[in-house]
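First, one chain by itself in structure tokens, the form predicted alone.
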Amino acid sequence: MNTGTSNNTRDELREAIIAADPRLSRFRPLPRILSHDEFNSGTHGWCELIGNYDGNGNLDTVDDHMRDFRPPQLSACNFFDIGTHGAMSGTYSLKLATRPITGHTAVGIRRLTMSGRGRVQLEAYLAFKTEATLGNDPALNTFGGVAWDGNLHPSEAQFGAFTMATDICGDGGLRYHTVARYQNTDLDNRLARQWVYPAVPEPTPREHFQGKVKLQYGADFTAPNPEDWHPFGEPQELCYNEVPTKVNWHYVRWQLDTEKRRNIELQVNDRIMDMSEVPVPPYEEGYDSLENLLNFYFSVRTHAPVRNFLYIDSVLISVDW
């Protein structure tokens, strides 16, 4: 038996099957697809992240900064000017929406486990927007140093950041996160358009329980100290498309290695950024109850008193194990 020929035939057949399926051909999956979530048909297990609570189910014991992340919801992208925009795939996408409170964050999380170690890849089509502001106030034509000129729109400076991240644990309680954040604006609402990563693991409910950390409502739960965020790659301008009611979908492909506990690379549209030197700091102490944890989350965070939205059309998670 010629194994090489057999493998080639298998790979060619697999590529042909993927290429013939319009739902999959827009992705570049690794050999094994763990999940393919097209939100036109439901939420597919992406749900709200909420902090841990005590044995009485008392939600007052949830950490202040985690108790109001708001649940993801299906959205037809309805806007005041055009009506229903719709998604890239059909009518509905998954929408994460903040409150109009500076610092507020909305999170959608997907919970899986690992049956092996090796490369893991998340692909998605997404778009980011702010809520349109309506009125007769001339001051609304300027925000964060951006003045409306028929092309640029002040709402672009009202969008803070969106984040893709993992929560991974295995091999006896070794827990860590990989994180990639698109920082559209800095905390002063100036356009930054920079990918960043945190150099510290995110605070946990156990650390709060142990008295090691206490964060306030609206704190950045991924890494609360702005000085812990660092840039990678060059600044990247995404397609906001002038006003808050035009939605253009961006392709993202993010790859990491759970065997080596490292990032590999991030692709956003036509740009591929090497993330192999981006550190992945683990927690110093081990965690119980999380063996083989493999969670993914998206979040959106506003830096202004304006609702920020992250729309996700579809997500595909694949592995090489």
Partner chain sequence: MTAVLERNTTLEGEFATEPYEVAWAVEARWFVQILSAEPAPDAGGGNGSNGSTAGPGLRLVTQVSPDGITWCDVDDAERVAAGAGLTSWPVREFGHWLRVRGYVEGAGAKVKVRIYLAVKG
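This structure is a prediction, so every number in the text was calculated from the model and none was measured. Positions refer to the first chain, counted from 1.
This protein has a second form, the form predicted together with the partner chain, left out of what is shown; the following refers to that one.
Just to confirm the contact call: exactly one of 281-289, 24-32, 259-267, 44-52 touches the partner chain in the predicted bound form at a 4.5 Å heavy atom cutoff, so which is it? Going by heavy atoms within 4.5 Å, the stretch is 44-52.
Report whether the minimum heavy atom distance between E156 and the partner chain in the predicted bound form is within 4.5 Å. Residue-level check for E156: no, no contact with the partner chain.
Decide whether P100 counts as a contact residue for the partner chain in the predicted bound form under a heavy atom distance cut-off of 4.5 Å. P100: yes, in contact with the partner chain in the predicted bound form.
Close approach of F209 to the partner chain in the predicted bound form, 4.5 Å, heavy atom: Heavy-atom contact with the partner chain at 4.5 Å: absent for F209.
Hey, in the predicted bound form, does H303 get a heavy atom within 4.5 angstroms of the partner chain? No, H303 sits far enough from the partner chain in the predicted bound form that none of its heavy atoms falls within 4.5 Å.
Out of Y251, F79, W148, F232, which one falls within 4.5 Å of the partner chain in the predicted bound form, going by heavy atoms? Exactly one residue meets the criterion: F79.
Contact assignment for the partner chain in the predicted bound form, among Q73, N241, T142, Q236, heavy atom within 4.5 Å: Checking each option against the partner chain in the predicted bound form, the one that comes within 4.5 Å is Q73.
Contact at R175, H177 and F298 by the partner chain in the predicted bound form, all three, heavy atom at most 4.5 Å: No: no residue has a heavy atom within 4.5 Å of the partner.
Going by the partner chain in the predicted bound form, which residues of 44-64 come within 4.5 Å of it through any heavy atom? Heavy-atom contacts within 4.5 Å come from E48, I50, N58, L59, D60.
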